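The chain below stands alone and is given in structure tokens; this is the form predicted on its own.
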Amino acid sequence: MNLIDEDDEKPTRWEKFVEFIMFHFRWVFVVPFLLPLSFLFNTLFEIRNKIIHAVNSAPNAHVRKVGFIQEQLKEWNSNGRKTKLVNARPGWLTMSFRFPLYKENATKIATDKLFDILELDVEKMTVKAEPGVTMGQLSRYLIPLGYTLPVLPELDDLTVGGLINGCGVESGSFKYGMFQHICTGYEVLMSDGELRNIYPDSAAKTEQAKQDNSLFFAIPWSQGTICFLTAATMRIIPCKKYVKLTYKKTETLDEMCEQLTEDSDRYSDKVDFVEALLFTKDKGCIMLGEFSEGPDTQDEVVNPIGRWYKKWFYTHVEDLINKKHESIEYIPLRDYYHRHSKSIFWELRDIVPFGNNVLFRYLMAWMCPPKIAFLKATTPNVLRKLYDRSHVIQDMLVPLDTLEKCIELFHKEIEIYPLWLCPFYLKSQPGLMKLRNATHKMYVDVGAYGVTAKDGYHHERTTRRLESFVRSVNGFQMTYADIYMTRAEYAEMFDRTLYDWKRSTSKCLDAFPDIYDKICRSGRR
């Protein structure tokens, strides 16, 4: 079944030649232009954030910014609600590889100024932030104060709003769940301009509080199709300066699956972080981390992996397991959290192929990584066509007990390595990601990122086979990536019951696009 009208003709020899040049020599533009631009942007933004924190102007500015958004919504309502509402954030600023076509004929609401941390409450152990706040901002702000988020996804530029309206998983998720599960409250604007603060309080007394309670569970994964998120309150926990990280080599797929299942015990007091990398179908590494004040003896290794001259983390891991079956290092906490940022997991190897060379690292890697938004904005059309055909960015969330079958399928269909494996605890709650056959279960995020040379790979047909498997095991597909499911197949994977009810009772049907129309491949090119 062909879901979208695409030209499947093979490129001509000339087109292949141009694609080869653009792909293999993109660094000629990225290194002298995008790296300095990214470094300058990050530096100025960090200075700006320090000033905002010093004068504590964010809370008052937040009230003004929310009021401005309300004015836009009231104007849209007074004009007859003729078009759908979307945020005004440019497509190249999103973390998704695709550009949002659904925004072309919609009313764009300027919500893109919401990027400040608003409040830290150490008594309630919460932090409140606007949706544009990044994980890099939060880790830079919280860790020096002795706190962190229970779930703090790895890439610096991932935002609070993106992780709530989309999905966020990281190595602390085996204990705490997904990013949405650490949230204790949302501040939202409804389509009529009403400002609401909603919480997951099951003891709600009034009818309005009960409706807001159900709305709290409908928002995650909804991609901003119910309301506009203007702030979120998240749990924080105490932290220590280092992570004691144990690297354990696995030599067979069976060993990886069995050991990862055993290590993903959320009730263990010894482990705070669990993730794994699979470098081939058989060879992999499980990494177990625990908060630490640092090494007890001088013989123990401290490795500040976040410094510019250090190897890309995934290559460092592979080097370690090639030498020893088990190793231990102490890593500064913020370095650990953002261990995959410097190489954008392993996507940067295709953009700057010499980026892990020792000379480049010492001379220029202090400007890395290039911002994903800048890379996206400057991707030429000829390169986008190549990416459409062979570039894979997928995160499939499957029950941990089906991991072996899932990896077998990934190997058969795309054969991209490393694969990122991140276990997470999923508790049954109302909403799109509702468990239908269990009260709780351990899942694992299987992440595949990169260009595949697998014979027989086809972006649509291959992805549909992966999607079919994920549905068959009651799994979920992260919807930032290419989605080729039909509307009915999407409804089979995700539970739309609460979502559809909140859309129909909250005046959303004529206000926001349906979620499927936003995430399906035809809505994002």
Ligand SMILES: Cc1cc2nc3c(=O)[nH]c(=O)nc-3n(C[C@H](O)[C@H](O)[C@H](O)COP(=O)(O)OP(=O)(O)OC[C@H]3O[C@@H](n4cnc5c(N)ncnc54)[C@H](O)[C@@H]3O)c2cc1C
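One-based numbering along the sequence shown. Note that the structure is predicted; figures quoted are calculated from it, not measured.
Same protein, other form: the form predicted in complex with the named molecule, not shown, and the subject of what follows.
S.K.: Run the clash test for me: the named molecule superposed onto this form using the site C-alphas, pose taken in the predicted complex, blocked if at least 3 ligand atoms lie within 2.4 angstroms of backbone or C-beta, else open.
M.R.: This form leaves the site open.
S.K.: In the predicted complex, does Ser390 have a heavy atom within 4.5 Å of the named molecule?
M.R.: No, Ser390 is distant from the partner.
S.K.: Heavy atoms within 4.5 Å of the named molecule in the predicted complex: does Val66 have any?
M.R.: Answer no; every heavy atom of Val66 is more than 4.5 Å from the named molecule in the predicted complex.
S.K.: Check Phe115 for me: does it contact the named molecule in the predicted complex (non-hydrogen atoms, 4.5 angstroms)?
M.R.: No, Phe115 stays farther than 4.5 Å from the named molecule in the predicted complex.
S.K.: Asn356 versus the named molecule, in the predicted complex: is there a non-hydrogen atom within 4.5 Å?
M.R.: No, Asn356 is distant from the partner.
S.K.: Between the options Thr486, Thr497, Ser472, Ser57, which residue brings a heavy atom to within 4.5 Å of the named molecule in the predicted complex?
M.R.: Exactly one listed residue reaches within 4.5 Å, namely Thr497.
S.K.: Using heavy atoms only and a 4.5 Å cut-off, determine which of Tyr330, Phe217, Tyr141, Tyr425 is in contact with the named molecule in the predicted complex.
M.R.: Partner contact (heavy atom, 4.5 Å) among the options: Phe217.
S.K.: In the predicted complex, which of 359-367, 310-318, 190-198, 430-438 comes within 4.5 Å of the named molecule (heavy atoms)?
M.R.: Within 4.5 Å of the partner lies stretch 430-438.
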